[in-house]
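Shown here is one chain on its own, the form predicted on its own, set out as structure tokens.
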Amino acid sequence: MTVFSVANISSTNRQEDLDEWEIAVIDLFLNAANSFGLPKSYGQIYGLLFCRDQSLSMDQVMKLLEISKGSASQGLRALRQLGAVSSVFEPGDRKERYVAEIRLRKLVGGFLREQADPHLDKGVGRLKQIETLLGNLDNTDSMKRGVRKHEILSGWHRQMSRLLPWVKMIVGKSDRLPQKSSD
């Protein structure tokens, strides 16, 4: 077993097609995807495309990562929806080819749009449902406890609703640090 989590890639395939640094980068994105609750294959696919300067077809992604057609197809579709991957046209090639988005603001913006916004929207309905359920309780102690917890959750929701637009604005303004001035 290698040091990296991409141990399922066979050593012969790895030596022919993937350099050790590429395996390390793929592992980095695999772990990042895992920490966000996304399937590991999303991280593997993004990591591979991130490493490559040329576009890759789904067949190439499947071969290099040794993943199934279903995992590759689902991963590429989800990554496109997040804005992390784009399809490109290559003259003379009938297959759809993919490249990684490397601008941080596009990656974060896509993630927030596809993951955070829907959860905030669902939260409004869920908070209303909890409020209704609390109003129907006969148990006073449970109702008091529930009202306190509902207030906390509502506060969290308000804070996230205020914070998210700021994060989007900050990320959308620049994906680079300002240049240091020479004094």
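Everything quoted here is computed from the prediction, not taken from an experiment. Position 1 is the first residue in the sequence shown; the rest follow in order.
Note that the form predicted in complex with the DNA isn't included here; everything after this is about it.
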Pick from 60-68, 134-142, 46-54, 115-123: which stretch has non-hydrogen atoms within 4.5 Å of the DNA in the model of the complex?
60-68
Does any part of K106 reach within 4.5 Å of the DNA in the model of the complex? Heavy atoms only, please.
no
4.5 angstroms heavy atom contact with the DNA in the model of the complex for G146
no
Contact of E90 with the DNA in the model of the complex (heavy atom, 4.5 Å):
no
Heavy atom of Q81 within 4.5 Å of the DNA in the model of the complex:
no
In the model of the complex, do E151, R158 and S161 all put a heavy atom within 4.5 Å of the DNA?
no
Heavy atom contacts to the DNA in the model of the complex at 4.5 Å, residues of 86-104 in sequence order:
R94, K95, E96, Y98
